[in-house]
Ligand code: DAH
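In the block that follows, a single chain appears as structure tokens, in the form predicted on its own.
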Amino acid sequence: MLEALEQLGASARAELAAAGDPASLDAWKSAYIGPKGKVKAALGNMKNVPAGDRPAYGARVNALSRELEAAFGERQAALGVKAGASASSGPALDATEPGVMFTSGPGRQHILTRVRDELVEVFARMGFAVAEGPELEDDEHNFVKLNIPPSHPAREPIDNFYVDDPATTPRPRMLRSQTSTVQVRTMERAVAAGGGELRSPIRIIAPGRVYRPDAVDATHSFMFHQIEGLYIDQQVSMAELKTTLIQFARAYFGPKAEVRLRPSFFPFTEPSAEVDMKVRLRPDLPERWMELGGCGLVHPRVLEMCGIDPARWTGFAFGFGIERLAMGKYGIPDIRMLFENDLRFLKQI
């Protein structure tokens, strides 16, 4: 696996050296260090690496990512391409240009607000209360107490919006990259209220904004919304998790909604699974499986770090992208349509 990484690095450097204009630089970035690039794909192979070799493999992927980022910046400078510019960059906005006045009739809730309220209402009928937490988080709640070790690739600055330098700050602050931080804070509050131990079950959902420096395309954005669920009780099983997800899908999307779970890996759940649902994004397109999020039984280590005895308590957690749910229910083919504020689109939904 390490030899494959070295070959990937050599290939990337050779193609970067051959890139001679902004368009080819954009293509190279997407192919290698973008959110769907080959370095990300190599990180996804972590589950296929023997457990004893994973630290070395993860460290090499991180190092390769940093090396290629630096090489990309150097190549931009050599070609005179301004950092952040791309072949598709349009003209600069003229802030002095007068605005256009128009009337659009009575207002209405934005589609994302409406979907969030619909989701909260469905889960409320299933007994889940709403919990909230800060969007400006710290490393401990965003990573440490979710069983994500310091060497994990998910903690790299390239994949997060850090407010403090993680290389020099012991507990750096950041814009949260997942609403799982609310789960951690909810468990901490429950333990504190119980005088140092959990005394009653927890059943909450946590809707909110999260931030990741992803390149914007039809299915990704640097700011998006998640809704996460957490259920802690005694003898909670995967069967209860699957039943909850199926009942949610049928309540929200209709009685014929098809859902499947695929085995996966997350540091904060064990076992873990990806949740897919069959959707039709346009009337002229066939149905296809679309990934909604992840789920699994809460890792015993996460319970321990939140002060909960894993020998007595177990639980499940799940997390969905609200934009993905909106796209699946209303047949929206491009996530960017949700943020462009085009009244022609907003009036249709």
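This structure is a prediction, so every number in the text was calculated from the model and none was measured. In this text, residue numbers run from 1 along the sequence as written.
Omitted from view is the form predicted in complex with 3,4-dihydroxyphenylalanine, to which the following refers.
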| property | result |
| --- | --- |
| 3,4-dihydroxyphenylalanine contact in the predicted bound form: F318, any heavy atom under 4.5 Å | yes |
| Touches 3,4-dihydroxyphenylalanine in the predicted bound form: N160 (any heavy atom, 4.5 Å) | no |
| G294, heavy atom within 4.5 angstroms of 3,4-dihydroxyphenylalanine in the predicted bound form | yes |
| Touches 3,4-dihydroxyphenylalanine in the predicted bound form: F128 (any heavy atom, 4.5 Å) | no |
| Listed residue (N147, T244, T186, Q178) with a non-hydrogen atom within 4.5 angstroms of 3,4-dihydroxyphenylalanine in the predicted bound form | Q178 |
| Partner-contacting position among R173, R212, R203, R114 - heavy atom within 4.5 Å of 3,4-dihydroxyphenylalanine in the predicted bound form | R212 |
| Stretch in contact in the predicted bound form with 3,4-dihydroxyphenylalanine, which is absent here, among 244-252, 222-230, 133-141, 152-160 (heavy atoms within 4.5 Å) | 222-230 |
| Contacts with 3,4-dihydroxyphenylalanine in the predicted bound form, stretch 259-278 (heavy atom within 4.5 Å) | F266, F268, T269 |
